[in-house]
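Okay, so here's just one chain, in structure tokens, the form predicted alone.
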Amino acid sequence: MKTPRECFGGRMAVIMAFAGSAIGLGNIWRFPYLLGENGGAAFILIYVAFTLLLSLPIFLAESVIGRSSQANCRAAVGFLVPGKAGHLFGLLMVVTPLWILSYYSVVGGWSLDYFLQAVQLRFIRATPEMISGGFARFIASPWVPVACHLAFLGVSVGVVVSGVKGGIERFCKWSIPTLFILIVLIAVYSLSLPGAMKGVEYLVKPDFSKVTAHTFIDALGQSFFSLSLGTGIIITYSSYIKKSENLVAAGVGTALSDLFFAILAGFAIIPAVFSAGIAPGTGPTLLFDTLPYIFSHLGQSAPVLSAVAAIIFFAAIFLAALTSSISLLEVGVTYLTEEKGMKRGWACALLFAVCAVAGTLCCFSTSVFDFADSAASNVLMVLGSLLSVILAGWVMPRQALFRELTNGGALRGNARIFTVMRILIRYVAPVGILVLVLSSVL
């Protein structure tokens, strides 16, 4: 007799789980430095527009595919595209999140190491000159990053092995509110620093003179990355949603939560960067190289406050990385348990071993890390997103799409705007994806 599939407990549990997947290093690490490189407030406006008009329809398309199938990614795609092609497309959705997890857990390991350094008060005990270049020295000797990568991966497995309700749902119910509290505390601290108001002005006054074609590419790419589109996560998590839940409300709630957290992260980091007199367009090293410098610099005058702020900040980064990593892992675990008949514990152990080896290679070679990141962001996620909107908008019958988005017509508000949602899924989202691809190539 087939074991009944687990389901999330309710709408709040669904939004918390989706938000846990969306809110991660993309918000705290990637979003602030993209802000700094692309004109601050102008980038925020473009990012919000892309999220609501392009990313949200893709999110809904993946949600429909997942809940209608009540199955893992491979089977969900196979229901719509029978035969070998459907099998291969489905496997792509399974492989993509594991590919991402292999290098994402390396960055998660960095956050763990920096949190431990903050707890040991290393940042405020060192001079700014000693802190400078610390991140480059850290990754230059790979054995500590490898150990942190394995530890981070182990914590992720520890959550997923407990199941959907006992592991993922329970973890997200306390971790997401905690994460919001931590980022608010960091923002309050950042805004209290001398000179922070220059950073606030940068975040609220758009400077469209700094907007280029690359700004639009970065904003759209960040929106895709942050909402975990094209990774199989939304399909997998949606397969755990009860038929009575409102998919549109869950999608909108997730998108708004993700946007709100990203903007909070901007107010937590950019004012502190301006306070320290550092250029906001520092780039990807802003988080792990620049901010320890800020804590060290401020620690000379207010050591206790700076130490507490550093601990809270890197605790938030670690927790954000963890909420996303468990969703990446769950896609592969669901596939192995349902398609291969493996016990959840053995599935977690197998995927831990695979990602541990791949992540270790990333620790020893920045070229491997960069290749993994580029292939995931520019190829795998884009293909997955395009596949989702084609399946939901063009392959799935109109009545099936209507049934999932309106709960069979019971949700009258969704029924009234169904035509608009379908147009966004069928036409607007595919065009947006193709524009992203062509822009990246050109």
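What you are looking at is a predicted structure, and each value in this text was computed from that prediction instead of being measured. Numbers follow the displayed sequence, beginning with 1.
Form predicted in complex with a small molecule: not shown, discussed below.
Which of 244-252, 320-328, 346-354, 159-167 sits within 4.5 Å of the small molecule in the predicted bound form, heavy atom basis = Among the listed stretches, the partner-contacting one is 320-328.
Look up in the predicted bound form whether T231 has a non-hydrogen atom within 4.5 angstroms of the small molecule, and give yes or no.
-> Because a heavy atom of T231 falls inside 4.5 Å of the small molecule in the predicted bound form, the answer is yes.
Quick one: is S385 in contact with the small molecule in the predicted bound form, heavy atoms, 4.5 Å cut-off?
-> No - in the predicted bound form, heavy atoms of S385 and the small molecule never come within 4.5 Å of each other.
Answer for G26 alone: is it within 4.5 Å of the small molecule in the predicted bound form, judged on heavy atom distances?
-> Result yes; G26 sits at the interface with the small molecule in the predicted bound form.
Distance check, S226 to the small molecule in the predicted bound form, heavy atom within 4.5 Å = Taking the distances in the predicted bound form, the answer for S226 is yes, it comes within 4.5 Å of the small molecule.
Answer with one of L56, L391, M381, I44: the residue that has a non-hydrogen atom within 4.5 Å of the small molecule in the predicted bound form.
-> Flagged contact: M381.
With the small molecule left out of view, which of V77, I183, I100, I269 would have a heavy atom within 4.5 Å of it in the predicted bound form?
-> Spelling it out, the residue with a heavy atom inside the cut-off is I100.
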